[in-house]
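You are given structure tokens for the same protein chain in two forms, set apart as structure 1 and structure 2.
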Structure 1
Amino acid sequence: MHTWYVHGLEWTRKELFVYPNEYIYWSIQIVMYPLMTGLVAGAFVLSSLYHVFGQKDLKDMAKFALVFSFALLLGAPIPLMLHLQHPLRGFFIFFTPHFTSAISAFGIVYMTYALIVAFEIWFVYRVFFVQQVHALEKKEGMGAFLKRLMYRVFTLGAYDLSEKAVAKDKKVIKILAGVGVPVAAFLHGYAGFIFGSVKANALWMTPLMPVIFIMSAVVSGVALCMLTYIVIMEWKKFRAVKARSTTPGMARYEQLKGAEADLIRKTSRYLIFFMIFAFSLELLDLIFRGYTAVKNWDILRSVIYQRDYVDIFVKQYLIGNIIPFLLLIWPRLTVRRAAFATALVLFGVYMMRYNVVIGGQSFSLTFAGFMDYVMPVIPHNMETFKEGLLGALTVAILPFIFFYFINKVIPAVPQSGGEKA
């Protein structure tokens, strides 16, 4: 006989009466996936704030957020691939899409969105590409030749740097940035639809699911951008202090500090607004289920109020929602407090994904038994790597590695100080 393994057996603990074939089939990677797409959407929205609404002080941030959202986007299918039992067949989704399935939309929505982001980047960086091609013309050697070739391909043959052409670029960027926002929302809303439309799952099945997903996506995206913005500005301030005496053209420490606190306070208002929205929707869902109390409420109640109580009420609602909410609305918001609060918000969104994906599978279809997900920490084969802690960390880190390499070709990290402004 062949060697075999049963998917899910290693990390599922069953209790009471559970059908024999039931396991936690969707584990940590499916928690990571909506988290990643949520961050993509949030980062993109932030960059659009500059391009569409002309938030001047976001200029450097916008470039960064745009390229970062592209790196996150490249990372987004990886949890899906890692999760597939046949990753190499994943592209069949493009070949024989079956549109009665929410997942099949992934191919099209994802491609559309990826292309929008890629082309927005292209329009933003076209001038840079052309400059690069001209600059490398004079250089000798294989490295420079290949690099120049690469940039030549990137220009797509569009070398026109006239004022008219550049103005056209700007116009298209504005359009793409505007179109991208609803597409990003759709990408994420459909991830919610994947869950919300599973009628066999008592916890998932609610029409609110896509809306809840979009709201928490915006929350997590804005929070991540605020956090990265704070980190980058702290780094700038650090540089400014160091360079104060030597570089006269550089922005002054006080200047930066004022600008940072101001922007953070402004953005935190949006964050609070979306948090209230997301929280109310989830609460509405909970109250509605308890009030209507249909057949599955007995098992849901025992999951929500007993088995997953700490995960849902302590980790997600208290630490991830209420505490950061209070921290943010408390008067005289400081940057440090905002950083702490956004970190908690990110944790809260992660817990929300976890409680939906894993929580939805923690009770049996029999409504008379339970399953626990025991995350594999130390892997001993590919399965326990992919569906365990290391797989999740891989997925979380990869976008940063992508970003590192993309940044080598398309510099996107804000330059220190104000010399570029």
Structure 2
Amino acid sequence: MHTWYVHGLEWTRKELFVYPNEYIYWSIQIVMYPLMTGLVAGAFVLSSLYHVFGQKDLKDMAKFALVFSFALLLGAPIPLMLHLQHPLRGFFIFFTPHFTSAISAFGIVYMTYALIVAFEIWFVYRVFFVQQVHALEKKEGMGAFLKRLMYRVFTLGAYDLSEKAVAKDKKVIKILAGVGVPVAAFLHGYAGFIFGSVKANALWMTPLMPVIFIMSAVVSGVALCMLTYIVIMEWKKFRAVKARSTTPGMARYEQLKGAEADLIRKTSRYLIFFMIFAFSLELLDLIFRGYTAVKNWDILRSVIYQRDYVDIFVKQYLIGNIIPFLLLIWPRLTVRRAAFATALVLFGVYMMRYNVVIGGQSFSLTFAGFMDYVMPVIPHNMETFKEGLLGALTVAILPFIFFYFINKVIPAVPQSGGEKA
């Protein structure tokens, strides 16, 4: 006797008239996937504001966002790999690329974008690599030898530090950043394309979906970079406080505090700008659906204005958009208020992804029944781990672990003394 496993059975709750073979197939990992790719694209756009558009007030944040974008990029495919029943098949899209499939196209765009970011990081840090090689030549020991060897490999033999060579580096950085912006937008916009092109789902079928995804991606990426930068700088200030008994330690504390507050205020202006566009597009889509009132509008209205009212209008719009927007535009923005506001922004973007992915599956194809996703909190097998709370937390934490180790080799934040890497 065989026991058949049905994907989605353990976390789907059905109400009223639902087909026997209908379940919530796309669970929390498919919510995390567009969230992660959006963070990648948003962080890269933030770095490009300096490299492409010459916003010099974002110089420090741009360097941080570029390296952080690469760390996020490493974690972006993980939700898909966890969601697949046979994850090793996911590598096939890299070996058999073609544009007849949106998923396969993602493999091509993902690799292209990864190369662009890697090359841009190399050009940004080439001078640093060479300086490290020269500095480590004066040190002895196996640790110094291995680090010097590592940085020698990173230089790729390019040791020229003349003004002409550095000027060429900056020119190439600008080109790569300019090319990377549309590639980053396409990397995340294709996720909205996949949802927006599903004709069988009334909630997803809208041409505005890719644009909404892209704009909310920029918002989420900028917000996460700000929040992460604040946490890192606060930790550095905490360490500097321990040295307050000496004058240099106190000076270092004040220097870090001033640099952090000034940069956060400047970056918040761009976050506000992108938030206005993202929120306007979401409201436009909602109004457009109500005005056109397609044949499936009755079931959509019951989902949007009744069943998911709290998730959409309270959690997503009020808590995740309106409240942080007011906190950011309020005069005399402080670092703590900015941290709280950006955390709310990230929550709002998460709820937007959740409402699209889960909300789009909440009504049955009978149009007379509903399904709810009950997230597994305590896993009892591998499936409930991957598609539950612990799986989502794993995906969320991994990019920060990647960034921690990358930052050890390629410093992306100001050093303790206040100097820039």
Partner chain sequence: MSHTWKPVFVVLAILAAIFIARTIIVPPKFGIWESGYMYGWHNKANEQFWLNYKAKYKGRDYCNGCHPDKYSAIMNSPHAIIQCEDCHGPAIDHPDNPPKLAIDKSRALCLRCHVKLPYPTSHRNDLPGFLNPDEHNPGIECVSCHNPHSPVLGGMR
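Between two forms, the rigid core is defined as the largest C-alpha subset superposing within 1.5 Å. This is a predicted model, so every value here is computed, not measured. FYI, numbering is relative to structure 1, first residue = 1.
Q: Just one of these is the form predicted alone; is it 1 or 2?
A: Structure 2, which is the form predicted alone, differs in this respect from structure 1.
Q: Quick one: core overlaid, is residue 313 moving 2 Å or more at the Cα between the two structures?
A: Comparing the forms between the two structures, which are aligned on their rigid core, residue 313 does not shift its C-alpha by 2 Å or more.
Q: Establish whether a shift of 2 Å or more occurs at the C-alpha of residue 13 between the two structures, with the two forms superposed on the rigid core.
A: Where the cores coincide, residue 13 shows only a C-alpha shift between the two structures that is less than 2 Å.
Q: Would you say whether residue 173 is displaced between the two structures, judging by a C-alpha shift of 2 Å or more on the superposed rigid core?
A: Yes, because once the rigid core is superposed, the C-alpha of residue 173 moves 2 Å or more between the two structures.
Q: Keeping the rigid core fixed, what distance in angstrom separates the two C-alpha positions of residue 125 between the two structures?
A: The alpha-carbon displacement, core-superposed, is 4.2 Å.
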